[in-house]
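Here you get one chain, nothing else, as structure tokens; it is the form predicted on its own.
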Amino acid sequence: MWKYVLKRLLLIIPILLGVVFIVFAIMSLTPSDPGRLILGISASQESVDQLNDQLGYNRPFMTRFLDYVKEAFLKFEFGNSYNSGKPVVREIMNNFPTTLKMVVISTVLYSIIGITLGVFSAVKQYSAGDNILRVASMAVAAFPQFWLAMMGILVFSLYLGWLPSNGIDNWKSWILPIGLYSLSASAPLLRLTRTIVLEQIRQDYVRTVRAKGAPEKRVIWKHVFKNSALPIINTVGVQFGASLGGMVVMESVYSLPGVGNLALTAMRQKDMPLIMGCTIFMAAIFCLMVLVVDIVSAYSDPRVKAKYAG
């Protein structure tokens, strides 16, 4: 089994290098002047040119890229932000707790909503409740997150005045971004759960268990859901990793100090060290979560165990 884990770990390295190369190339092709961003518009052109030379901005692309990879991957040095002058790692770590709190709470919420309603929809197939849930999930999935976020501000902040529209002042500030994100994420999970549970319900072993006189709740939750849980857990795990990289839409609309909002601000300001740091952080978090999901799946799948048993 260690061979499987090692293989997945080694795959993370070329993935991160590929992501860094693509983003680095895009940022290099984008017109920008680090010296001017750091020194400001009042600095002389001579000072700006001198600082650009010190930063290596005028060197060839591959030279700058290889130097960055060496500093980032071997020394874990990501430089300082052009705008704040603070280390990139500190900037990310200062914003990560907000993102982590949002992701953990929202993952618990949308998992409970999506899985519970998905099982109900499958058990009550073609009933009025099933039809309502299917239509509602498709409608919610069709709405972009930024539209839901703005409608939440319009209704609950401007019209009703119940909840704050931005910032983190108290516990009420978390309700709109977490609630709307959970609503948006629960729709595809509901449909996935319904499809997988319906597939399991039609299996022969379910008819056998029912023929033995087992209660329906025991049939659904102990037998059907147990055999349906693995792909659902995989989906939730991958979504959790993607969200940890930054809930960009919710954080930007509600002005929350998270990693996604930090990366978006860095892009607007062309703060290359911060952009690269956020990119590597998001990619690494996502790859690690996918690795965890793969390991859980491997330990739960006898075929993978047998393949790597030697």
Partner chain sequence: MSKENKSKKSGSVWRRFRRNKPAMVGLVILTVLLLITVSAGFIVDYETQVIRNNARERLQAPSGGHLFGTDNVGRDVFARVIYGGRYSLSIAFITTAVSMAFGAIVGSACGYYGGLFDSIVMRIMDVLNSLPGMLLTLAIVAALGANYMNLLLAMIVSTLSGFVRLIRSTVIALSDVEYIQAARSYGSSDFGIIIKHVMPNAMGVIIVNAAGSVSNMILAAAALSFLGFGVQPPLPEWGVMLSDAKTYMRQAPWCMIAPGVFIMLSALSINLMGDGLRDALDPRLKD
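Residue numbers count along the first chain shown, from 1. Everything quoted here is computed from the prediction, not taken from an experiment.
Not on display, but discussed next: the form predicted together with the partner chain.
In the model of the complex, at least one heavy atom of Arg191 sits within 4.5 Å of the partner chain. Taking non-hydrogen atoms only, Leu274 never approaches the partner chain to within 4.5 angstroms in the model of the complex. Taking non-hydrogen atoms only, Phe143 approaches the partner chain to within 4.5 angstroms in the model of the complex. The partner chain in the model of the complex is approached by Ile15, whose closest heavy atom lies within 4.5 angstroms of it. In summary, the region of this chain contacting the partner chain in the model of the complex, judged by heavy atoms within 4.5 Å and restricted to 204-212, 158-166, 221-229, 175-183, corresponds to 158-166. Every residue in the set Thr195, Lys270 and Met282 has a non-hydrogen atom no more than 4.5 Å from the partner chain in the model of the complex.
The partner is absent here; in the model of the complex, the one residue of Ile105, Met151, Ile132, Val89 having a heavy atom within 4.5 Å of the partner chain is Met151.
In terms of contact with the partner chain in the model of the complex, the residue from Ile112, Leu100, Met93, Ala139 that brings a heavy atom within 4.5 Å is Ala139.
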